[in-house]
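Next up: a single chain in structure tokens, the form predicted on its own.
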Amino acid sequence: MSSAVAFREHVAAMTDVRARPPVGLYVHVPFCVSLCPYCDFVVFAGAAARGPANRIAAFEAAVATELELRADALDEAFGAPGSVARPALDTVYLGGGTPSLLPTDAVARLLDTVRRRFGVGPDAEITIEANPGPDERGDPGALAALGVTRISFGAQSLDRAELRRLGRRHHPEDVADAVAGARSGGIGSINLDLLYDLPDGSLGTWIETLDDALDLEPDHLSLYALTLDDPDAEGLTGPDGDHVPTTRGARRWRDAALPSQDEDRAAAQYYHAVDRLAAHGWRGYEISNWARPGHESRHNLAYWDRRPYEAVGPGAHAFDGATRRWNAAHLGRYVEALAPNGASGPAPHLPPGGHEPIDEGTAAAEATILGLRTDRGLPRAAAELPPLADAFGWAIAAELLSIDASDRIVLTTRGRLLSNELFARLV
């Protein structure tokens, strides 16, 4: 692609705020067997996930209704799925939580609804997240038969002591068994999530974890610095908020963990991962994501390319090109809105939540930030346009940005580590 064409495409991405049909669908399944103290995802654990009072059946009915209502709206706006104006989905992502806790027949019903109402392309990427424990990973063979092409295991660490400190239920050997089972079950692409900058962690332990992960021969690695945010203080847990309140136990754990994190250690761990994975031929295609060639997450790439996607489930976020929308996190209110209420009650309706319209300035900032998150970066001419123009010279001098051999602006490794400092200047 010529630099002129790349520049025109970048300008178009910055100024396009039209509503468009989704290329992907995210389904949030908000159940876990237990709640990890560092986790800020919308999760309901314990009796809500297992046992006679579990909420899985109620959730399944509610999310099926939301899928129908969201599809009705897309039918009205863009026409039937599979038409020129509304192509079939390229990706479906079952995230959580622990979607692999759903019974196989529930996954089948969910995917059947998605195929019927949204359309799913013949070579679509269909991902499910899972925990590695033997009672949480699901049946990979059955999932592959349903069309699942990709599985993402929340390994987090391959060190026994670190897993214990994180409150994880699985052991290192469970990760190896999970990967082997997914491979033999016919899952074509396997990801492992790993965390660095763990409380009381070390560079040596991180090196061992990464080596052990590579020995398992996954296809993709997502490496995240542990962040201990405060959604309550940020105002994200109100009635229409997209987070659930932090438990007292989790708050105590985070308060104790924060002092034992270390920015310099985190930087050393990240630099090691960059070098180690590059030496093995892996592509660091996004700040936190590496893949063997051909195994990049197409669903997540759609986010970074600002392509539209639909989303259902408590706390789920959607984007149509003109508006960002989210569902409230509260499971009870979600189910109540979508449940049938009898002949005399209100009809099922979309769950509570919020939305934010996107103007051209916001679109420009998003296109710039999301573009820089990937190894493709931005065309060099983008340095002359707001919002990057004012920060470009500073970022070059600070060695956060460089110009690659294709004449594109990309983050350096140092820039990836300090990207939030740059991005704050772009909004």
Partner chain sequence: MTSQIPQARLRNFSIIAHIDHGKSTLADRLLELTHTIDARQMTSQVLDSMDLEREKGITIKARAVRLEYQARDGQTYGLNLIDTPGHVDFAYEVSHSLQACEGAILVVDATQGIEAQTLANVHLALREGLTLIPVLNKIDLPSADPTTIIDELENVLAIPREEVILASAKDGTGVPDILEAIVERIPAPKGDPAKPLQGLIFDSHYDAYKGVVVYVRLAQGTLRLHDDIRLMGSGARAEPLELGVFRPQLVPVKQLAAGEVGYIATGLKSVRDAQVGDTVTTVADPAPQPLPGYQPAKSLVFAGIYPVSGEDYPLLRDALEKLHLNDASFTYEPESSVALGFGFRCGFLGLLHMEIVQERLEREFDLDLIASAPSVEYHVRLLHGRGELAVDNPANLPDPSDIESLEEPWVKLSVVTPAGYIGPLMELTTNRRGNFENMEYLDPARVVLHFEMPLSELIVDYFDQLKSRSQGYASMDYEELGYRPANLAKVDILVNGEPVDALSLIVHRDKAQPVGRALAERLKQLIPRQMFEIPIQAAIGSNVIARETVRAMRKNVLAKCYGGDITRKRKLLEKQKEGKQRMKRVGSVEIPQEAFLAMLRMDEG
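Note that the structure is predicted; figures quoted are calculated from it, not measured. Residue numbers count along the first chain shown, from 1.
Not pictured, yet referred to below: the form predicted together with the partner chain.
- Proximity to the partner chain in the model of the complex, taken as heavy atoms within 4.5 Å, picks out 260-268 from the listed stretches 260-268, 180-188, 101-109, 133-141.
- In the model of the complex, no residue of the candidate spot (Leu203, Asp215 and Arg283) has a heavy atom lying within 4.5 Å of the partner chain.
- Using a 4.5 angstroms limit between non-hydrogen atoms, Thr15 is distant from the partner chain in the model of the complex.
- Although the partner is absent here, Asp375 lies well away from the partner chain in the model of the complex, with no heavy atom inside 4.5 Å.
- Proximity of Val23 to the partner chain in the model of the complex falls outside the 4.5 Å heavy atom cutoff.
- Though the partner is left out of this view, Asp72 does not reach within 4.5 Å of the partner chain in the model of the complex, counting heavy atoms only.
- Contact with the partner chain in the model of the complex, defined as a heavy atom within 4.5 Å, holds for exactly one of Ala161, Ala77, Ala339, Ala225, namely Ala225.
- For the stretch 285-314, the set of residues having any non-hydrogen atom within 4.5 angstroms of the partner chain in the model of the complex comprises Ile287, Ser288, Asn289, Asn300, Tyr303, Trp304, Tyr309, in sequence order.
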